[in-house]
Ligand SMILES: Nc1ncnc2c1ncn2[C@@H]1O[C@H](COP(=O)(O)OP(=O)(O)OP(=O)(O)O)[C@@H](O)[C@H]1O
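Take a look at this single chain in structure tokens; it is the form predicted on its own.
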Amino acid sequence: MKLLEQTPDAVSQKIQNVLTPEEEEFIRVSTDLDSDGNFGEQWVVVTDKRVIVAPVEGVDGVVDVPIRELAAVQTEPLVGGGRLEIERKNQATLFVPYSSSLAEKFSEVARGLEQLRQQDEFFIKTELDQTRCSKCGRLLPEKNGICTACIRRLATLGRIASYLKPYKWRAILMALVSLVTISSELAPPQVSRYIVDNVFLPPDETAGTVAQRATILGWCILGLIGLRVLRWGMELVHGWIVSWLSARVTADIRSHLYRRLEMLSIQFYDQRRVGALMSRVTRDSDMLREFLVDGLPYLVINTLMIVGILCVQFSMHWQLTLCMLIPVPLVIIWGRIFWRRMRRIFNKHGQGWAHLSARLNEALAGIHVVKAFAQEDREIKEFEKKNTDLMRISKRTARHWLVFFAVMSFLTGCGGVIIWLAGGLEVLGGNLTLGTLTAFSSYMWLIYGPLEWLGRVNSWMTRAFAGAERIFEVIDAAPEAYNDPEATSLTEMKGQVAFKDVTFGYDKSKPVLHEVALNVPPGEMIGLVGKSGVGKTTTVNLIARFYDVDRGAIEIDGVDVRNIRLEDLRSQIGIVLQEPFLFSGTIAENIGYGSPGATLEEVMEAAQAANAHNFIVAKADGYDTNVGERGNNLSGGEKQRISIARAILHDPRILILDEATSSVDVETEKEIQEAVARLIKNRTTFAIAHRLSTLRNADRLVVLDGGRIVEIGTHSELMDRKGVFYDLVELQQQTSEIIGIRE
């Protein structure tokens, strides 16, 4: 894997003067800051033998560092940017600054250099996050987002249409109904033409008497009524089919999207905001539904109608048709200009509403603070300011609507004047009948009407397709390997866990864990100890394969976790978190979440083992008590005991306790400790605890510092050793004494 960017000729020459013919380039990237941190450009080139840092301007300044002289390479975040730190063995550290937009790229550069330095397998990510569109260079609305200016509309429409396959007969029926609808719209002007030319103004006396013509007029009127009834009926049927199909298609897309979201890895969620992903399921899918219900049928029917009308008009009188089309380019241009401008105004209008709503929500949610500090007048002024801003943008929106309709009315009115002027002259010259001119006038408005809103439909379609692209982006993301046919089945796990020189980092250039080696036999309880940020939670996350190790391996019962079926692995691992998460529903449903189909008796047994039964039955609805959103109707200790009961019912072979007793009172902690003692029996357990004293009963304590294991032993052994663990215990005791004195 190589990361090679195109270099300017001047830089290429500098680099070639340093390299030897047999060297292989792995990395060639540019920075956007010079060595002094000003906007400029430098190039970093990495081969199998050296690192070169070359400025674009100036002959001098090329730095050549052999790979064997590297002591360490890492990135360091700074305000507004960062720097690549190349630490040399016998010389000063070399700093290469860059802006925040290049942070990911230089993270991969540092990762590659570390691999070369340690003589590991060279592997870096070459598909980096994008902030600008690769085609047009515009800023993307979000990292790796969709550029609305470069949407592949036909491809996106085709993919949406692929969801119609299960409902193809309804789609065919919708197409037939659309054709009938269009035909019923094209026919009335022809009937009107016949009435004028053959009933009101017959060409000769053979047309019949007045009574006969009145009869013909009556039949024509009945025909017009029939056509209107037919169109009304077809519109009703068409609307029903479209509503049904759009609802089914968007529901299918939404279901497909949610299924994929459930199957994606934790790493995928680490790189994205939850709110942005939720908007895919809600806002983007709803926008797509609205376009499928209203926008797409409007666009298809009116496009086909315009084509049909033009065909009919050219067959009637092609010169007059060309005259009618004179204002059309102006109508289309004005519509596009207006809707492009209105899109920006609509965004500002939406932002105005969002700011007003946010201020209102914040002020009312914090009404106690407002009252406590007597800041009512201040909040009123802030609200008035936001309200005034919204009023101004609303007035601006109304003015633009007024201008739009005024100009559009003028342009379409010009079309009417042209039709009657040119057509009237043709009628007076005997080259055109009055009925034909009347039909032309009717057709003209059938064309001008849709053209007025074509710009809006285009903008609407762009937003809907951008939403669809964002949805498909998630659907196309690679899921976790649940269906790996080569994975090993491990339905009966013993619980032996082995870390074999494990190195891992969320940012690959800055590992959190370094060469961790640990062997845990079945049934042993391991306490993970260390300061915040040393990698305790990361260690247990790797056991559950929420992330894959960068180097080394984690084995369970002698099998690499990457080769075990995910269902088998995670179904036998139980996790109790520091802040337990409960789903909206009853207590019984939350306890039984880890074991679908569990009976109430089994749920109650698990609750008793978790010391939760007494407080549950004390509630009015007992096990049917609704816990509320995220369990907010329960206290922290109650939620923790329910999560322990859930883990007990799950009956895992490997148990992970991540700060399970933090942030609770002493009495509750005692009950939780008793529940944990029952839970860990005959299970391989990894426990992380804020209070080090709670790990006294652990078989072994593993002390982490700087991402490395620095001590292993029992509580008493480590205290006698007076090393890192001893210092942590002493510091915690001193802190507790200080807090006790203050209290």
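All residue numbers refer to positions in the sequence shown, first residue = 1. For clarity, every value in this text was computed on a predicted model and none was experimentally measured.
If you look for the form predicted together with the named molecule, you will not find it shown, but the lines that follow are about it.
**Q** Which among 393-401, 156-164, 528-536, 604-612 is in contact with the named molecule in the predicted bound form, heavy atoms within 4.5 angstroms?
**A** So the stretch in question is 528-536.
**Q** Just to confirm, residue 578 within 4.5 Å of the named molecule in the predicted bound form by heavy atoms?
**A** Heavy-atom contact with the named molecule at 4.5 Å: present for residue 578.
**Q** With heavy atoms only and a cut-off of 4.5 Å, decide whether residue 182 touches the named molecule in the predicted bound form.
**A** It does not: once the named molecule is placed as it appears in the predicted bound form, residue 182 has no heavy atom within 4.5 Å of it.
**Q** I'd like to check something about residue 270: if you look in the predicted bound form, is any of its heavy atoms closer than or equal to 4.5 Å to a heavy atom of the named molecule?
**A** It does: once the named molecule is placed as it appears in the predicted bound form, residue 270 has a heavy atom within 4.5 Å of it.
**Q** So, residue 696 and the named molecule: in the predicted bound form, are they within 4.5 Å at any heavy atom pair?
**A** Outside the cut-off, so no.
**Q** Just one of 106, 334, 547, 298 has a heavy atom within 4.5 Å of the named molecule in the predicted bound form. Which one?
**A** That would be 547.
**Q** Between 113, 512, 573, 634, only one gets a heavy atom within 4.5 angstroms of the named molecule in the predicted bound form; which residue is that?
**A** Of the candidates 113, 512, 573, 634, 512 is the one lying within 4.5 Å of the named molecule in the predicted bound form.
**Q** So which bits of 478-507 sit within 4.5 Å of the named molecule in the predicted bound form, heavy atoms only?
**A** Contacting residue: only 506.
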